[in-house]
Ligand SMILES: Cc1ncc(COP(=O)(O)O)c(C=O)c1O
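Below sits a lone chain in structure tokens, taken as the form predicted alone.
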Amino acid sequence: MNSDADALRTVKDADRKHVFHSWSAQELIDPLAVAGAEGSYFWDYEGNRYLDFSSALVYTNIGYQHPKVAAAIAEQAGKLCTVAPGFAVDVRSEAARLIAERTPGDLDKIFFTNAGAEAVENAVRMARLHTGRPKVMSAYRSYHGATTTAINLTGDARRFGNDTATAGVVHFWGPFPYRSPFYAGSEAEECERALRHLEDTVVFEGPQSIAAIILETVGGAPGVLVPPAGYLAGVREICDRHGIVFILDEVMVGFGRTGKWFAAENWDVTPDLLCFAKGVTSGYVPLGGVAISSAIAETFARRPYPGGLTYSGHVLACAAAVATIGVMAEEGVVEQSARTGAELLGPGLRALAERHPSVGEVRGLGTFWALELVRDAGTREPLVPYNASGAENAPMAAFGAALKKGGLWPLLAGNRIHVAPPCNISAEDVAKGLEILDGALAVTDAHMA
């Protein structure tokens, strides 16, 4: 038995005995053992190499193992591995400055967390304390994290097993022209009706009781839901009129994913609080945070903020953030993401849709796209039902297996494949990924009614 086989057996045995995996029935999964990664690829112990069209969980924005970021983490570890969050330290201050320089408007104060869910938790806490109001509104088609407040804010089916009677959360329908909850005939009509629905919900809930409205700038887990023109500006206006804090969750779409540093720039909208994580370090060391407007920061100028984290602004994570932002600026990664979407991914995915009747819609921007897969193109019946599992999900499982066999690692959710490769993926690797997708879509075409 060779050393790779020995290593594989050791890793798999220990995983099965001791690792408890998220979102899984533990005895029904067989996790792939990853041996290494570089750029847009990772590989297993048996020599199988995968083009990662998921960017892990949509966070390796600069790909795996960028040498400058790895070196910065090592250098920081040699200098200072950790220090309590109450101290001022150079790398933390620099990370906050670099982030604040790139956020829209006056979001110039940065509260660091360990990840995105904690960013959402603290943004909601800030909004409630700032307004003195209890309720928070969020969309049904949304995902905001798995901690207590964040999972109640989440609109998708992952909320069901964790729901505590919404815990001060009110859900509403956001715009989704392809599957319009408002029976709209155009994007403009969808925008108008979605805003009217939101306004009505605010009125009937009582504006004086609503602390915040939180939205993913582009809905990630729900299917890369790009808001129609005017929608975010309309939400901003509703919030301003009723004294409601506007929170944008950019955990998935921040730091280049949509071809801008932050997705809000695509619509020239500034929230009161902006949540980030994932791409800020390309996932190399966990880091998240909240960018805070001057008005909300002023609330806590002489009033203590009742929240904190042991590892807030951990120096190794901040070193990774400083290096990642530096790499993105020096190598033009944000601009490359925009070009890749406009010139390669967008046209390429639309060409696939023309060849494959199971592709109902293509939507996205930058390096963040989704294919909506359908059983019937005319009725737009989803390829698999909502929250499908087991036999119901067989078409998507077969599709995923075909992609992996072809050497592409997918991000599948419901009846969709999300196409989210690293923001700096090469044109050659985009072409390779599209070719593998083209072949695998024969599987979904075969399941059409």
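Only a predicted model underlies this, so the values are computations on that prediction, with no experimental measurement involved. All residue numbers refer to positions in the sequence shown, first residue = 1.
Just so it is clear, the following notes concern the form predicted in complex with the ligand, a form of the same protein that is not shown.
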| item | value |
| --- | --- |
| One stretch from 80 to 88, 112 to 120, 318 to 326, 375 to 383 that, in the model of the complex, holds residues within 4.5 Å of the ligand by heavy atom | 112 to 120 |
| The unique member of 252, 345, 153, 292 whose heavy atoms fall within 4.5 Å of the ligand in the model of the complex | 252 |
| Non-hydrogen atom contact residue 143 with the ligand in the model of the complex at 4.5 angstroms | yes |
| 4.5 angstroms heavy atom contact with the ligand in the model of the complex for residue 272 | no |
| In the model of the complex, residues of 199 to 238 near the ligand [heavy atom within 4.5 Å] | 216 |
